[in-house]
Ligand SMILES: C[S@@+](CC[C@H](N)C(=O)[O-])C[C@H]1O[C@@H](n2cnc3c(N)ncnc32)[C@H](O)[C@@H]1O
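This document starts with one chain, in the form predicted alone, laid out as structure tokens.
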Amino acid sequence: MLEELTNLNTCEWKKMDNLITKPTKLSLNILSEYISKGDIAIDATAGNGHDTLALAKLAGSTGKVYAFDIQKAAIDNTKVLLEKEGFLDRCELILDSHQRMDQLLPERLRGSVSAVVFNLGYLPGGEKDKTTQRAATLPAVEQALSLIRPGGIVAATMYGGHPAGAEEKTALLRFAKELPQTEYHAAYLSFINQKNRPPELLLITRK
């Protein structure tokens, strides 16, 4: 292992140095290893569009990103950001619940998506009582697993610092723990030395 680390070039060292950062950035760092130019990705919680934009950059001009949100303000904010950055043409924005992914996306996508990202909680800058809920998120994650290809990934940033988020996190971790190990790898990342119950990551890859 030491020899392998010694042989890393400067860019690789820099990437490793920046890996452990805030949860949302860490999630995107990990996702970048799973998405190539021309791939299909899904942002299950568009929010203000930052994850959608990051996925669009990774997928490239020949790729496609589908972004869901139930709040019109989120879809509008995402559209503004994508237009400003010049990436709207490779994205499809869907004003609906991620719980309906399997109904709203083309059947041909099943088993071919490289990555699905969830950034749970409430819309930054929006009303805090409008937050993602276990009842919709859990079936959405199940659907995401049916959409990703072998070698694909589902990444969820979970916020356990409020009641709905805590319930959501507990349900997701229970679900992930029971996934068959012959079909999936599941990992749970927690920032154990941070105060105020920071966001945590759930990562599931399909074998």
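Here the structure is a predicted model, which means the values were calculated and not measured. Numbers for residues come from their place in the sequence shown, where the first is 1.
The protein also exists as the form predicted in complex with this ligand; that form is not presented, and the subsequent description refers to it.
A.B. asks: Taking 4.5 Å between heavy atoms as the contact cutoff, choose which of Ala156, Ala44, Ala56, Ile35 touches this ligand in the predicted bound form.
C.D. replies: By the 4.5 Å heavy-atom cutoff, the listed residue in contact is Ala44.
A.B. asks: Closest heavy atom of Leu88 to this ligand in the predicted bound form, within 4.5 Å or not?
C.D. replies: Heavy-atom contact with this ligand at 4.5 Å: absent for Leu88.
A.B. asks: Against this ligand in the predicted bound form, would Tyr66 count as a contact residue? Criterion: heavy atoms within 4.5 Å.
C.D. replies: Taking the distances in the predicted bound form, the answer for Tyr66 is no, it never comes within 4.5 Å of this ligand.
A.B. asks: Contact with this ligand in the predicted bound form for Ala74, defined as at least one heavy atom pair within 4.5 Å: yes or no?
C.D. replies: Yes.
A.B. asks: Consider Asn48 of the chain shown here, and say whether it contacts this ligand in the predicted bound form, taking contact as heavy atoms within 4.5 Å.
C.D. replies: Yes.
A.B. asks: Given that the partner is absent here, state which listed stretch (144 to 152, 173 to 181, 36 to 44, 57 to 65) has heavy atoms within 4.5 Å of this ligand in the predicted bound form.
C.D. replies: One stretch meets the cut-off, namely 36 to 44.
A.B. asks: Give, in sequence order, every residue of 73 to 111 that has a heavy atom within 4.5 Å of this ligand in the predicted bound form, or say none if there are no such residues.
C.D. replies: The stretch touches the partner through Ala74, Asp96, Ser97, His98.
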